[in-house]
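Coming up is one lone chain in structure tokens, specifically the form predicted alone.
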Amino acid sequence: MSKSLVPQLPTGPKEPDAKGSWRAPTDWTTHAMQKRIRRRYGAERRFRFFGLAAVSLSAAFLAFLLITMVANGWRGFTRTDVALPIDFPASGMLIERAQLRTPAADLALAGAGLENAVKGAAATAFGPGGEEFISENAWLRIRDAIKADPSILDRKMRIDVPASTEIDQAVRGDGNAEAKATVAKLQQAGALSRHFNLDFLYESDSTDPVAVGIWGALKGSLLTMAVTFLIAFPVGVLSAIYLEEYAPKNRWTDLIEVSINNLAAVPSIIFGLLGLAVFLGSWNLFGYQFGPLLPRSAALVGGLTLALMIMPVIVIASRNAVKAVPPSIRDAALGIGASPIQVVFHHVLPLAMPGILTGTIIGMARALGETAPLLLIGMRAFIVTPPGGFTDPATVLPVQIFLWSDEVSRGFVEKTSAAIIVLLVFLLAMNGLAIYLRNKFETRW
């Protein structure tokens, strides 16, 4: 046999294989081994490429969403004003100055014909049809100016009032040719101006897109989230501690655990039906018919319904956080004489608090963006006055956004995007506070 046909075995010390027998070391320079190495590195490069592509695609969608919202929503934070000259002595308004210092000043000004006087001043200043250039609620701006300084009723003044929706859209470049021509004449006369719309942050819902605001919905969201947190957090955490530290391991606790896991995946509208039946339904007890237990459209009912929805999420996250605390912490605390309840509340719970707060953040974020369960319990009402308490009629930001998106007027499109920006800022602020609290309570061992 020729010497070239004899296989060349790698030289060097032998090493044991998986079965313990001795074999020659692997030759990494052979063609087959180099092919396997290239294939392995190629698979790793492909995995990194697809991972980077997935992250880039997600970032692109997020950037598109944010850019679209900001591009459409920033105009919702601005407004167009029309400088309206109004001659109060010639308007024919009859009102006593003493009435302006009483709580009934609004009714007195409305009864004195202020709205008609403002429309007449617009027709005089801008010609026939000039009342169409100003908002339907422009007289409210005049009313506030009179209440702030009653002396203006004795002279002629020029007051900035909100422009109508048609004029406002034409200023933004979205109106028809007639509206744009009117805007050109008003700009030539120096009667138009643009300002930051503070009223959008301080007012409530309205039928006029120029006069709408989010304060009513924002206050309703704050009250609803407060009720949700005050009920879901303590009940969820205490339930998790009992199930993890004290509950016996039997078929009943297994059934409870399975039920909690299933409730975490139940659609939110089911919880809306539950809240409608339990909190707003009529009860028949011993032959007597009782009405709803709680007022409809109230933040209290919304908070109770959302608390039922997020409580399973908090229980699951809290149990996992408590379970992640090392057993050595418990053993050490018991070894120095601590009672079981001291072990839980002085040692286990503080160490588990970061994980508990993380689960609470997830649950509260889900509750903040929910709409379906709140629609079922009546929190889609037209709320003009911000709620004064937990039992007053209220709505929330997601429901307000849903209602504005269904409006026909073009002006509500910008207000919808602006409200979405406020909702995102509200969510980021709430998450930032929760992250701060989580880092504050975090303990390293």
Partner chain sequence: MLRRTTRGIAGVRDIFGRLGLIAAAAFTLAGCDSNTAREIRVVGSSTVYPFTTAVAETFVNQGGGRRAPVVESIGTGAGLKRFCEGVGWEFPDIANASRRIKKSEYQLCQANGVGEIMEVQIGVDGVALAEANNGPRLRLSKQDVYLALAANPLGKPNAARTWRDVNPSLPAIPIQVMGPPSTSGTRDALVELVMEPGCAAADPQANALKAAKDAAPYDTRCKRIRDDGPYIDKGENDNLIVQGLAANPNALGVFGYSYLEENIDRLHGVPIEGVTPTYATIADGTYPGARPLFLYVKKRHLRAVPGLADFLTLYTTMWNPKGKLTQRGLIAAPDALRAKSAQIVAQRAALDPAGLH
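Positions refer to the first chain, counted from 1. Computed from a predicted model, the values in this text were never measured in an experiment.
Here the subject shifts to the form predicted together with its partner chain, a form of this protein not shown in this document.
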Could you confirm whether Pro85 comes within 4.5 Å of its partner chain in the predicted complex, counting heavy atoms only?
no
Check whether Ile341 has any heavy atom within 4.5 Å of a heavy atom of its partner chain in the predicted complex, and answer yes or no.
yes
I'd like to know if Asn261 sits close to its partner chain in the predicted complex, meaning any non-hydrogen atom pair within 4.5 angstroms.
no
With a cut-off of 4.5 Å between heavy atoms, is Asp106 one of the residues that contacts its partner chain in the predicted complex?
yes
Work out which of the listed stretches, 309-317, 182-190, 232-240, 250-258, brings a heavy atom within 4.5 angstroms of its partner chain in the predicted complex.
232-240
Do any residues of 151-172 have a non-hydrogen atom within 4.5 angstroms of its partner chain in the predicted complex? If so, which ones, in sequence order?
none
